[in-house]
Each structure stands twice: as structure tokens, then as C-alpha cells.
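Shown here is one chain on its own, the form predicted alone, set out as C-alpha cells.
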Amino acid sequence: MGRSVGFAIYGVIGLICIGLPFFAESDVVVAVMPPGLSGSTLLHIGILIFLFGYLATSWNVLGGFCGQLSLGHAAFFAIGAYTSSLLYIHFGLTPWVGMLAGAAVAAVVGYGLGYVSFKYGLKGPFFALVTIAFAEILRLLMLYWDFTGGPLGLLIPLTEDSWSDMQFMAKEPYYYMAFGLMIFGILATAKIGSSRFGYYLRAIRESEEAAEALGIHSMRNKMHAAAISAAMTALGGTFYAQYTQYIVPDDVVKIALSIEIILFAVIGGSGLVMGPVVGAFILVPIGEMTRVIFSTAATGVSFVALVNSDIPAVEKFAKYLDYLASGGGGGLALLLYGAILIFVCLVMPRGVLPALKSLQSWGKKS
């Protein structure tokens, strides 16, 4: 019964996501959104949810199923973005083929990085440091290589609406492409999780020594997981490049991006197929809405001057509200986002999805 209810909830959410572009500009939706925002903004948030849900799902293969903490997945994201963009700009190759090429390059790099790391027994924080170092080296190389555009990045030539060029003036096609990418990630990880390979990865995560004693080749399976995770992440990089139509190393190869990908998986429930997607559905809207509400162009008196002003507390509080209304609370967006993360980590240390399952089991027993 519990599983049936879960599938029903996922199905309803999926139907809402599919139908969202048709009523994004309706009076009801516009009325509940913050002032000045349109249905196009809602679609953009949906695209980010699907994209980050997919990226967190891709990381989950290596980090969740296999238990290998990678903090450099932004490097694979960048490989996908730059490979497809360079092939499109210099050779006119469709991004659909460039997407596969980027995934292939990322898989080879993932194999190589995994071989170098696992061959010498690096795991835990040591493997995490290797992935961070690799991502940082790649970022610096991209900043100084001329063919990648250097610090100015790459501007993808604009064309009219074209499926072959993966370029559109409206957001709806990108929305459905991102949704399809997320569904692909869910199905792929579900297939991996239920396969013999998936059970091998979980055994390695729980105890690598015990897995080896049972005849599981841990190094080979970890390398496979690294390559699959890298290739899937690269697919998301190609989509991002075509969606933004401009990429720069400091945006696509940054530690903050890798951390965000991990956060969505951990908050939702790493090691579970739907955990990363649940995390993205929770955190992306919160992050985007707080940023929009509190980070508009700030005007008026500075916060420090307001605190130090010699006026009654009531008047000071009223002016502080005016300060926020004028867009002076940019830092509050990060503060609120961080507070939510701390709350979830303290109350639900295993993630939201495991906590909901535990609550459901407790309700059945009672």
C-alpha cells in the first residue's frame, strides 16, 4: 500500500510538471507569485529543478550507491558543456551528437581519475581532495586555453528555433527537455540500483573489505561507477550550455556547483533513486524564491548605518522593513537557505525521503 501511494504521489507531481507550461501564465498562478514575476520565471525555476535533480541523480551513482565522495563533479559538467559547444561552433556539429561526444570524453576522464585514485587506495576525504584538485586544474586550464575562449568563455551563435541546433526562443522546449533528462536519470539509476552491478556498489559502500572477501572486484566496479556518473553529468552540461547559450569556466567549473549537486542528493536522501530529485524539488524553489524576493536592486540607507542610528526601536524596525522592501536583504537569501539546510540536517540527518518513510512505518505500527 505504501509503495502504491508513493507511485501515485510521484505520478500526480509528474502530471502537474507536464501540464505546468499550459497554465503558467494563468491568472491564478500569477496571483500567487511574488510581484513582478511572470510564468516564464516559473518555467525557469522548473528547468533548474529538473536539471539539478538530474545532476544530483548522476552524482548519486558514485556518491550515493558506491559511497565515494566526489566534490569535483562540476568538472564533468564542464566537459560536457565545452565539448558540445566547441564541436558546434568550430565544426557545425549538432549539439545532440556533441552531447554524446561530451559524455564519452567525460566517461574516459572518469575512468582515468578513478584508476589513479582507486589504484592507490584513495577513499573518503582523500578521494574528495583528488576530485577537487582535478576540477580546479581543469578550471585553470580552461581560463588560459585560447580555444576554450579563456576567461571570456564561449558565446554560442544564435539561430532561429531549431531542434537540430537545440536552440529555442521560448522556454517551453527547454522545460520539456530538462524534464525528459530528469526522467532519464531516474530510470537509469533505478535500472542500475536493481541490477547486480548496483548491489555490488552498495556492498562496496557498506564495507569494501567484506565485498572483496565475497569476490567483488571493488576497484573495477568503482571505476565503472565513476565513468557512468561522469558521463551522465556531462549530458547535463551540454543542456546547460544550449539553454544559457554562454559558458565561462568560473560558472561551470566551480566548487559551489559541485557542493550544490551533493546537497540536493544528501538532503533528499543519497543512495535512494528518488532522493536527489526530492532534494532538488525542495531546495531549488526555496533558493530561487529567496534570491528573487531579497536580492533585487538595493536602495536606501545601509544596514549598518540603520543599526547604529539613534532613533527609537519601533521606527528603526519600520525603516528596516522599508530596507528589505527596497531589496537590501541580499544576504538574507543565503541566511535563510543555510538555516533551512541546518534544520533538515539536524532533524532528518539521513535525508527527507528516508525520514518520510520512517514516519510512514511508525504510523503503520501505531
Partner chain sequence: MSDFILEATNISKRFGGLVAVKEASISVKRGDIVGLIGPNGAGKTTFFNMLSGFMPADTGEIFFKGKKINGMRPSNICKLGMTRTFQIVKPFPELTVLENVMIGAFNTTSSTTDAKKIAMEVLNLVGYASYADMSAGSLTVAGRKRVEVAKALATKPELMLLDEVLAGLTPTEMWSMIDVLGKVRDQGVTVLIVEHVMAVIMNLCDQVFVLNYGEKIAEGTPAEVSENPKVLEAYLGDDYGKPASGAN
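Numbering follows the first chain given and starts at 1. Just so it is clear, the model here is predicted, and its values are computed rather than measured.
Below, we refer to the form predicted together with the partner chain, which is not included among the displayed structures.
At a distance threshold of 4.5 angstroms between non-hydrogen atoms, Ser207 is in contact with the partner chain in the predicted bound form. A residue is said to contact a partner when one of its heavy atoms sits within 4.5 Å of a partner heavy atom; Leu214 meets this definition for the partner chain in the predicted bound form. Although the partner is absent from this view, Lys357 stays clear of the partner chain in the predicted bound form, with no non-hydrogen atom inside 4.5 angstroms. Although the partner is absent here, Ser218 lies within 4.5 Å of the partner chain in the predicted bound form, judged by heavy atoms. Picking from 275-283, 199-207, 100-108, 234-242 the stretch near the partner chain in the predicted bound form, with a 4.5 Å limit on heavy atoms, gives 199-207.
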